[in-house]
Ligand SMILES: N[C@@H](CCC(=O)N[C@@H](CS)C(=O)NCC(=O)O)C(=O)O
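What follows is a single chain, given as structure tokens, in the form predicted on its own.
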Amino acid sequence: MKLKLYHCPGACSRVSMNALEEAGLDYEDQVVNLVTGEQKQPEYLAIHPGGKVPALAVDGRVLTENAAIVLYLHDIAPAARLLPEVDAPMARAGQISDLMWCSGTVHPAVRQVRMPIRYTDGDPSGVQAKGRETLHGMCAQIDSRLDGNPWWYGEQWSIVDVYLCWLLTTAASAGFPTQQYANIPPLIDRVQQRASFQAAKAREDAAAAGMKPSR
């Protein structure tokens, strides 16, 4: 099986890269420079018509969206336990729901905080303020679930923790006060100390060093 991940250092594609590292799978990575607009070029649009990262080519067939990619990797490398082992349809659906919540609910709120101009042609301050309000509610939910638990699923690490780490650190980079929530900074620390995270980050750093600067 030949795997190739299209990604951009610092982008949400880090979640899929971390999953590949945790699963111990051999893969090639190719940078898509979002700063220079490479994602909008015909060459990449032929791979991912949505012009986003990540995209995972599997023997030439392409999967997009973090949730779909990590679910696929979980299925082909179950021993890695990217998600807790479950034997009931409702529990499996709950895991899918958690990933969809990260990608479809929390991620847009983070984008409103980090890049509000994408949501309006006018003054982005109102968009950002609403995003911050929404994200505070989500952080309260995350903080409550982590109370007394090291990970989203209690004692077991999962790729959901990695997704939350990326979302929360991205929001913090835009000045969102994640430190107000007692259980969030420790979660971020635990995720970042894991060997698979460090391996993915090192691979991103190496890729970033070779990226063409924006003009």
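All values derive from a computational prediction rather than experimental measurement. Start at 1 with the first residue shown and count on from there.
Although not depicted, the form predicted in complex with the ligand is the subject of the following passage.
*Asks:* I need the one stretch from 78-86, 138-146, 105-113, 124-132 whose residues put non-hydrogen atoms within 4.5 angstroms of the ligand in the model of the complex.
*Replies:* After filtering at 4.5 Å, what remains is 105-113.
*Asks:* So the ligand isn't shown here. In the model of the complex, which residue out of P150, G51, P185, P177 has a non-hydrogen atom within 4.5 Å of it?
*Replies:* Here the answer is residue option G51.
*Asks:* Tell me, out of A23, A11, A207, V191, which residue has a non-hydrogen atom within 4.5 angstroms of the ligand in the model of the complex.
*Replies:* That would be A11.
*Asks:* Is there a heavy atom of Q39 no more than 4.5 Å from a heavy atom of the ligand in the model of the complex?
*Replies:* Contact with the ligand, yes.
*Asks:* Can you tell me if R92 lies within 4.5 angstroms of the ligand in the model of the complex, counting non-hydrogen atoms only?
*Replies:* The answer is no: R92 has no heavy atom within 4.5 Å of the ligand.
*Asks:* Please tell me whether any heavy atom belonging to L34 falls inside 4.5 Å of a heavy atom of the ligand, as the geometry stands in the model of the complex.
*Replies:* It does: once the ligand is placed as it appears in the model of the complex, L34 has a heavy atom within 4.5 Å of it.
*Asks:* I'd like to know whether E65 contacts the ligand in the model of the complex, with contact meaning heavy atoms within 4.5 angstroms.
*Replies:* So E65 counts as contacting the ligand.
*Asks:* Does anything in 160-178 come within 4.5 Å of the ligand in the model of the complex by heavy atoms, and if so which residues, in order?
*Replies:* The stretch touches the partner through Y163, W166.
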